[in-house]
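Form predicted on its own, single chain, as structure tokens, below.
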């Protein structure tokens, strides 16, 4: 039997065709709110159950509890606010209890919001409590500065889903649960990444796979930083490494269409709960999970789990230290297993690897698989043409 979704029920706010046509017919009578692409991503994740138990954008009680207690008002663990912001002027023309159209920049309807609340919030407080900094150099803090002054709360119904170029790999929580059941997997470990898989990642994943039935390689393909490797190149890398180095009978590859928040420890909890909704029983938490710059300690994403009742989280975190290739051990290792000094370890920074790839140089095989490096070299050449 698969693990229960967070809160016990997988949310579904996707309108069937009958109700979708009614919503479209009635849309002209509703107030319209234009929303950003990242908000549309949140809407689709709410509707498909990725963010279960959320059925819409957070009201004030849930918002305040997430900021101050890392839980929803029900007491259920939750660490990232899922918000819909508007300007004060926009909020003043909306009435509590009415339905509103949420549309993209071109006016295409994304969803219907059943407006339940309008409330003010303090941007600095949100930044400091969620991201542990008010420094606008932090990408998420910079986004908060540009948000509207009022937040709207209420359930949503998804009307139109955007075209998804990665649909064949974008399995919903319902789809992964069916797949895991068909495979007979009772225990599944998820691996979070926004980068191509290198040897340290591979080592960690395969260590975890030794203790469970299957691996969900689950890279994030929502909004990320501008200097991250483009999604289509990363997908080719994942396809290549799985084809050549993974047991296909024990590995599922699917993308996670969630925006990166760079909230460090709080995001480690959030990513765990999301994978629980996908049917995973274990989640790999590595070094500096969801970190950016120097805003979080190297293993803060491990320590935050101590603040929660494991039964309330429900998914088992697997903590791994930084892995590397040791020339003396003649294999992959970590500080837990390797007795040799750092000069015997092969470690390259992401910046240095990108520089090598752009020059057409294949990094050491101890760092990355040559097949993956070749995909990266060709992909980066194409992006620079």
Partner chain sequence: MTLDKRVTIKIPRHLYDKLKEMIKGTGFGSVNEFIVYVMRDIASGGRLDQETGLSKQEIDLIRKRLIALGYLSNGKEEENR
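Computed from a predicted model, the values in this text were never measured in an experiment. Positions refer to the first chain, counted from 1.
The protein also exists as the form predicted together with the partner chain; that form is not presented, and the subsequent description refers to it.
Q) So which stretch, 178-186, 299-307, 258-266, 77-85, is the one near the partner chain in the model of the complex (non-hydrogen atoms, 4.5 Å)? A) Result of the contact check: 178-186.
(Q) Just checking whether residue 9 would be counted as a contact of the partner chain in the model of the complex - the rule being heavy atoms within 4.5 angstroms. (A) Contact check for residue 9: yes, within 4.5 Å of the partner chain in the model of the complex.
Q: Consider residue 250 of the chain shown here, and say whether it contacts the partner chain in the model of the complex, taking contact as heavy atoms within 4.5 Å.
A: Output for residue 250 is yes: heavy atoms within 4.5 Å of the partner chain.
(Q) Test of understanding: in the model of the complex, would residue 117 fall inside 4.5 Å of the partner chain by heavy atoms? (A) Judged by the heavy-atom cut-off of 4.5 Å, residue 117 is well away from the partner chain in the model of the complex.
Q | Close approach of residue 29 to the partner chain in the model of the complex, 4.5 Å, heavy atom | A | Yes - in the model of the complex, heavy atoms of residue 29 and the partner chain come within 4.5 Å of each other.
Q: Go through 254, 205, 110, 281 and name the one with a heavy atom inside 4.5 Å of the partner chain in the model of the complex.
A: Result of the distance check: 254.
Q: Find the only residue in 293, 165, 97, 230 having a heavy atom within 4.5 Å of the partner chain in the model of the complex.
A: Only one option qualifies, and that one is 97.
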